[in-house]
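In structure tokens, one chain follows: the form predicted alone.
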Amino acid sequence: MRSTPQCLVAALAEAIRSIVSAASPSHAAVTPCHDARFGDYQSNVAMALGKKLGKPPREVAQQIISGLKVDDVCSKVDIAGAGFINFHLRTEFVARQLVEMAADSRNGIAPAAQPRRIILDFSSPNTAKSMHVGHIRSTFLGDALARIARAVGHAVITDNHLGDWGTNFGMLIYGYKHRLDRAALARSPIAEFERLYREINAASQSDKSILDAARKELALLHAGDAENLKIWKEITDFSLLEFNKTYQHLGVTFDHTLGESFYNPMLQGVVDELKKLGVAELSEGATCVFFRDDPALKDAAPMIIQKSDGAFLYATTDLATVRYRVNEWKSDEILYVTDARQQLHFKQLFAAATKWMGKEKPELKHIVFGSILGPDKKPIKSRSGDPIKLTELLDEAEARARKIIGEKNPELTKEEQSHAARVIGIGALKYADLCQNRDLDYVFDWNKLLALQGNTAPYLIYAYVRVRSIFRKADSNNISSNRFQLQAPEELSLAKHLIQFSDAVHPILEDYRPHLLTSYLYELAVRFSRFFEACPVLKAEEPIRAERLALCDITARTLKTGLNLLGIETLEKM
């Protein structure tokens, strides 16, 4: 069996399937062992096949092992428990893989077997409003998935689908014309827009004439009134300026920022086409898509795409967006990264797109996530009860990180401390979010996310700094990456984990879970720490010294690459 560090899991799985044709790809899956006592890789294929074939799993496992040809990779393959097949890698094989990884500019990450064109729709704030803590999970998760998908060779297009055409613009434009504070607008545009909306919205509750006037302003905007379009554009431009400052601070970029307004000219055509094809029908004056034949949606209300007064809805815009992404970007897959509250909307959207486009429809997936909770286990809020503004959260993260850095390393210059505070503070926020299983809620805890011990960004960044400091202390950077003996158990343990890097990256895109990578990186830092404590590097005799320096170098590269895939920077000093 031939293999490289880039495809070891796939190669072992293929070896199993070559023996048992009845094994499906999912049945033959191979994963790294969680407990090194049982081996390096493991498969439960025998249990799945035993049930299917009516045979004892251990008997099936023995038949598979007898036919496997993996002697060049494994020192032994044995059976554990009810029928788990455990693979134990040869030290010589690990050493060869490490040599290849050292020479690989991709750091061992395998290219995808079937590259796809993936559209990632994430973050999506509403204009005229501040980004807040509720945007954290979508922004961090979407950015990480885009980075990871690109790293394995997929063509990725990121799109920030702004909410810039909603009903709130009627009140905003009315407020802009009648109650705008120009000085406040100059100081803080978003704050002034938020004040205008709150003020006009409150006034409209008791004064129907203001509500009617706001509705008229919205109608004029949608009809293309020049003055209202100018005001709308000014509001949008100010909002984008503020958003982009935040994204730049976070190191997040987008290929496109196409808001709801971009699709407005396409909406009537979408409705007309859906009616013509029989996908949509009139019901009580409104145009709707029904899902009578869909067991999961038949009891839900229909998806309205045009109201009886001619107004369109979010669903109409989202359908137009799907078609645009298919026609213009030739998408194979579109991922929507939003919270779980929108699950029904996306189920209906995907079902409607299937009825409309048939085989031309790309894969549509809703990547849901839980909430960020405060100490009271309720969605985190500010003291006033409003969502915490994202800029305030970022500022606090940096301030807290700067205090820790000043106490630990007062010898750093102010510029170095500021830079380190940004990297650690922002990195800590990102890592604290991405290390969670995305389905679950988590409690936000400053002390935990900024801790220098445990599964945190500061710990991993420190681990990287610790590795790099070895080279600053070395009088010679002689690195031997052409041969590894891996005589010490700590060396072998570290090496085995390093060559699993690609195996840690690829499964993330099977179910869009970056926490798999955070677990890998944390374990890498732990194994390096054990290696460093047990195996002298700079004081070792040659050629062991050069080989251990090479191990350190590959570890540093892997930590840096892995953190970068999560959108987290590293430091050379800390």
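Position 1 is the first residue in the sequence shown; the rest follow in order. A quick note: this is a predicted structure, and the numbers were derived from the prediction, not measured.
There is another form of this protein, the form predicted in complex with a small molecule, and it is not shown here; the text below is about that form.
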Exercise. Could you confirm whether residue 121 comes within 4.5 Å of the small molecule in the predicted complex, counting heavy atoms only?
Key: yes
Quiz item: Heavy atoms within 4.5 Å of the small molecule in the predicted complex: does residue 318 have any?
Solution: yes
Exercise. State yes or no: in the predicted complex, is some non-hydrogen atom of residue 193 no more than 4.5 angstroms from a non-hydrogen atom of the small molecule?
Key: no
Quiz item: Within a 4.5 Å heavy atom cut-off, is residue 161 in contact with the small molecule in the predicted complex?
Solution: yes
Self-check item: Listed residue (324, 471, 446, 314) with a non-hydrogen atom within 4.5 angstroms of the small molecule in the predicted complex
Solution: 314
Quiz item: Looking at 331, 261, 338, 86, which has any heavy atom no more than 4.5 Å from the small molecule in the predicted complex?
Solution: 338
Self-check item: Contact segment among 282-290, 226-234, 453-461, 338-346, judged by heavy atoms lying within 4.5 Å of the small molecule in the predicted complex
Solution: 338-346
